[in-house]
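Taking the form predicted on its own, here's one chain by itself in structure tokens.
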């Protein structure tokens, strides 16, 4: 997207002020007795949390500041997302480092058994915040896995009822499923607009709202999405093609914008994200015609996280997205010591090569120590695919 066609969207200006407003909302809710649940992962169904009358915020850390705090408890050679998250939760402020307010406001953390670093970190979290862990079968394409995951979600539903004192009803679940599907459909509409060439919105701008999708209340998120869709849809078509990039790999929680901004400063435009921050978070709807708990289990177990094995569904999704969004190149983004995504890179690279799609692999952390080196590699990649 040429510089002269870059837009300043009012929605994103409003989004800048959303954090303080949300904190006030959460504070008022807690004073009235409403419980706040903190989550880390897409495998935790929000629909069950909301149907129990609780609220939810994401606790994934994307900032480098709290990593050093976590390293007092955790090994240095684990992924920065785990360290940043843990450091934000256990931070008591004595170090002079401030954590975002919502990390200290949750009544319960609902976690999930995905990667090894997370699983063992959750064992420590219980000393700071009550922590409930949903077990996750990691060979998802079997009837036994679905049956087991459904039983885990039923136990989770019971735990939420105990936390809130509210019954999770079938109709309540149906209502929350409809609401969540409405949000997913809005995100699909935004991504449809990104299929234009050139894209009417930068990937850096889309990331701003994606990073807020599990922090804002559902109603506020829908409001912002509708506003942004209206603005983006009214952008006049541009003329100049720029390399269309897909980012694939690890999530990019709030505070983590380094690689995205670098790609677009080097002349590319990110038009889709195959990650938990991006398409994995909303691509599939929950079947509204099925029994709610079964429908939730079926939808959530299909998320193609690298903890799943085999994970051919992820390869299929990457190739499908590449076709739909007419991708010129893929930047495969992994965090240091994220072994699942780093190892799975080999299968992704092979599939993309067979499809004739160039790929650049970037492994990094939350610091700025490698910015110059990454910039040079992205420069060379952009020159190759332009």
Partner chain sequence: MISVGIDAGSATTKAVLVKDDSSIIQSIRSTEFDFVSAAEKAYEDVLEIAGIDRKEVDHVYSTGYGRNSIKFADGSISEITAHAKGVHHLYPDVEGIIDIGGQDSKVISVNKGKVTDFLMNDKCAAGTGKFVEYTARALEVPIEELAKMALASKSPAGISSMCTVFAESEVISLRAKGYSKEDIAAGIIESIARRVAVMARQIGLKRNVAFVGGVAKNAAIKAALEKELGISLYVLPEPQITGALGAALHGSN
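Positions refer to the first chain, counted from 1. In this text, all values refer to a predicted model and were calculated from it rather than measured experimentally.
Another form exists, predicted in complex with its partner chain; not displayed. Remarks below refer to it.
**Report entry** 4.5 angstroms heavy atom contact with its partner chain in the model of the complex for residue 360
**Finding:** Residue 360: yes, in contact with its partner chain in the model of the complex.
Query raised in the report: Might residue 380 be said to contact its partner chain in the model of the complex, defining contact as any heavy atom within 4.5 Å?
Result: Although its partner chain is absent here, residue 380 would touch it in the model of the complex, with heavy atoms inside 4.5 Å.
Report task. Classify residue 8 as contacting or not contacting its partner chain in the model of the complex by the rule of any non-hydrogen atom within 4.5 angstroms, answering yes or no. Result -> Judged by the heavy-atom cut-off of 4.5 Å, residue 8 is well away from its partner chain in the model of the complex.
Requested in this report: Please run the contact check for residue 353 against its partner chain in the model of the complex: heavy atoms, 4.5 angstroms, yes or no?
Outcome: So residue 353 counts as contacting its partner chain.
Report task. Determine the residues of 8 to 29 with a heavy atom within 4.5 Å of its partner chain in the model of the complex and present them in sequence order; the list may be empty. Result -> Residues within 4.5 Å: none.
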